[in-house]
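Next up is one chain by itself, shown in structure tokens, the form predicted alone.
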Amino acid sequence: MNILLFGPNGSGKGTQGALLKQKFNLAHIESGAIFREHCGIGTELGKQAKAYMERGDLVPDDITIPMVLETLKSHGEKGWLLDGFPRNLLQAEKLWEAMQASDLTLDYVVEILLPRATAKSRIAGRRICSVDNNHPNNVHIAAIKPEDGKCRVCGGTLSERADDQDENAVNKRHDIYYDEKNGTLAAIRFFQGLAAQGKCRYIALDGQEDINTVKDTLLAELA
């Protein structure tokens, strides 16, 4: 089972991704981890990407797409969950072309829907567990509110991400995500179009529901 998972920062995407990983034994592939893997191992693509990163430049798609593809192919046997990529329409088109050329299948595209204002509020309340950053903790959501300032899952130490408290940084991330012309929403609509052609299945989830309701709805759709 191969899945693309979309949702704005604050939608609970990481939490649902962790649940899917555990339920279906999928490789949970996050875009940042792909760069770390290739740069850490020192692959040829990783070396090229590192040169751009060290200059503070964005890594071009003709390097990023092959890196993503290689990582997906390496997890092809047990299936994968790709989270955080593609971020825009052009990347979506290029990724699909590369997958087709490599005979990689895409089974599901999952989108967690959440209004921008709600997402922004949730980000400000998010707390990161030192043991596992996918443990859900948010001071603004009763169902996952930390207990005595500790992680509600494991009791680990919690911290704030600096960029979660930076309104400009949050707005910048959401500007990219909610851009329906060229941004992430445009990428999602591209895959919706593929789903309409029967090339994959598209699942929309209401991110304003509680975590367990979202999980149950998602699992029912994947059954």
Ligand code: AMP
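We call the rigid core whatever largest set of C-alpha positions still superposes within 1.5 Å between the two forms. In this text, residue numbers run from 1 along the sequence as written. These figures come from a predicted structure and were not determined experimentally.
The next section is about a form of this same protein that is not shown, the form predicted together with adenosine monophosphate.
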query	finding
All of G32, D57 and R173 with a heavy atom within 4.5 Å of adenosine monophosphate in the predicted bound form	yes
Residue stretch of 40-48, 57-65, 152-160, 192-200 approaching adenosine monophosphate in the predicted bound form, non-hydrogen atom distance within 4.5 Å	57-65
Single option in G79, P146, G125, G84 placed near adenosine monophosphate in the predicted bound form, where near means a heavy atom within 4.5 Å	G84
The unique member of N134, N138, T71, Q91 whose heavy atoms fall within 4.5 Å of adenosine monophosphate in the predicted bound form	Q91
Any non-hydrogen atom of N9 within 4.5 angstroms of adenosine monophosphate in the predicted bound form	yes
Touches adenosine monophosphate in the predicted bound form: Y178 (any heavy atom, 4.5 Å)	no
Shift of L185 between this form and the one not shown at or above 2 Å (CA, core fit)	no
Cα distance between M53 and G7, which in the predicted bound form differs by 3 Å or more from this form, closer or farther	closer
Direction of C-alpha distance change in the predicted bound form, G32 to N9 (at least 3 Å)	closer
